[in-house]
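Below sits a lone chain in structure tokens, taken as the form predicted alone.
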Amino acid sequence: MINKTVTNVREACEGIKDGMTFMLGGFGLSGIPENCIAELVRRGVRGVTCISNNAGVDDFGLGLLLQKKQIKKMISSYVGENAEFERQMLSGELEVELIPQGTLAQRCQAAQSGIPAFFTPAGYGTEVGEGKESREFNGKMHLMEYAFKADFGFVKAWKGDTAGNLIFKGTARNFNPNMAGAATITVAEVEELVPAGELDPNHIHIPGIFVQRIFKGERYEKRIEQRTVRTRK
């Protein structure tokens, strides 16, 4: 029986080198691969490119890598919650590629599906489209966008089995499913790890074919990006 389990996050991240390109799931701080990010910080990997919807906050998520100046380039959709990101971008210390959120998702999914490029109307006529091939479809102009190429993809799921099948929970089912299988090596960290065959096949969101390594995360802080509550009457 196929078993993709590794002992811990250190084993899961074997083969990581300076200058690589990483995909990291999550939206805001929801569903981010906390253990893998901590391991990247611990390893001190440098000059990396990170593909992620956002850059975390100053002291959590990808913000931890930014603090150590380990990231050379960020490819993101939204970055408004990180002051250190803003400082590095404006000072020229950090390369930044901002792209429409739907395009970001589709470039991940294209890589996952083995599709090298696709056309989208998003961004045509703006700075996003400068230097890109365009074509008209049904009377509307579209830009050609390329699938991402990444060395490692780090995703976080609620539950997984030893064969790599994954189930996401709530809003953590964001960019994680699109990034699973979109990189050369996909590492999945889960809160619960069960033997193969225990998950209901009807509830599986990502089949194990898209995952190369899976492990149970040791600790999850699950920080809330912006806590908003009503005042009690």
Partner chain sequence: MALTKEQIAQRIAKEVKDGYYVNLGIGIPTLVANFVREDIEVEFQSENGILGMGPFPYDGEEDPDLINAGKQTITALPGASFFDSALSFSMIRGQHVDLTILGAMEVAQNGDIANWKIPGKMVKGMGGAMDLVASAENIIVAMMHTNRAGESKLLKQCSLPLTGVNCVKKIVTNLAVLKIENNKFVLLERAPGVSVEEIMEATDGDLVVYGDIPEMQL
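Positions refer to the first chain, counted from 1. Note that the coordinates shown come from a computational prediction; the quantities given were computed from them, not determined experimentally.
Heads up, the form predicted in complex with its partner chain isn't pictured, but that's what we're talking about next.
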ask   = Would G131 count as touching its partner chain in the predicted complex under a 4.5 Å heavy atom rule?
value = no
inquiry  = Please tell me whether any heavy atom belonging to F60 falls inside 4.5 Å of a heavy atom of its partner chain, as the geometry stands in the predicted complex.
reply    = no
inquiry  = Under a 4.5 Å heavy atom criterion, is V79 part of the interface with its partner chain in the predicted complex?
reply    = yes
task = Considering only heavy atoms, tell me if G44 and its partner chain come within 4.5 Å of each other in the predicted complex.
result = no
note = Checked 165-182 against its partner chain in the predicted complex; residues with a heavy atom within 4.5 Å, sequence order, are N165, K169, G170, T171, A172, R173, N174, F175, P177, N178, G181
